[in-house]
Ligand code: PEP
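Before any questions on binding or motion, here is one chain by itself as structure tokens, the form predicted on its own.
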Amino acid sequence: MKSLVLNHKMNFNYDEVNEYIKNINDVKSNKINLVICPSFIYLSFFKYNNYYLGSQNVGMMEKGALTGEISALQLKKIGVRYCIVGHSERRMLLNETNEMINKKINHLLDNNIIPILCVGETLEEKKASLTFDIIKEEIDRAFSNISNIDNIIIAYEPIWAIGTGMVPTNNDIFITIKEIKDYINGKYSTKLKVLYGGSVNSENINVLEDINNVDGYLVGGASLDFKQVKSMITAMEAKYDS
């Protein structure tokens, strides 16, 4: 089953999120695994009747003196099933390292929360033909000393495509995702789902759905519009039925 992961990032005020919830509760699918990742303060607002609850981040410690952070155990206790880790915005703007991401993945897996590990290259790295070198390093360092990687999902998000409106060609996405899957299967002897993220919306998802090795999408800006969410699910269901 394909997944559609909605990352709200730092958006919505109190009234807006309540209006969004009213509308999203009418969006149902038996064919698409829908995951909603709201801001921390709104996690408890979502009752996940027809979707799973996801977190945008997690702290590196199980509990203790770390002001402002939220632990994997705390997330588990309120019903969180998925968690985004290593998003490029956190890597670049908040100096999140591969070692920090590794610790977060460990805590998530210990609490039966599925990590969605974001990997991807900058435009400069792409131009220098370093895309897969960057991705391999991010995967290897995130997976270091982790025995149960079978429950991890990878999200390939080329950094230059996030929020820019630029999307790689279908062939580029296919090749990169194939390389990721082949590498993980070869080195770690397992098959993991790989999502695509980066300016995905209701206008281009029909084209993206022609890529036969994509296991779903991590969506940013378009996730804030429930009408777009509904359209994306409809497009994915149509491909599922074809």
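From a predicted model like this one, the values you see are computed outputs, not experimental measurements. Note that residue numbering begins at 1 and tracks the sequence as displayed.
Another form, the form predicted together with ligand PEP, is not on view; read the next lines as being about it.
With the partner left out here, ligand PEP still marks one of 125-133, 146-154, 104-112, 83-91 in the predicted bound form; by a 4.5 Å heavy atom cut-off that stretch is 83-91. Using a 4.5 Å cutoff between non-hydrogen atoms, Ile162 counts as a contact of ligand PEP in the predicted bound form.
Residue contact with ligand PEP in the predicted bound form: Val219 places a heavy atom within 4.5 Å of it. Ligand PEP is not shown here, but in the predicted bound form it comes within 4.5 Å of a heavy atom of Asn7. Although the partner is absent here, Ile205 lies well away from ligand PEP in the predicted bound form, with no heavy atom inside 4.5 Å.
In terms of contact with ligand PEP in the predicted bound form, the residue from Ile36, Ile173, Ile32, Val200 that brings a heavy atom within 4.5 Å is Val200.
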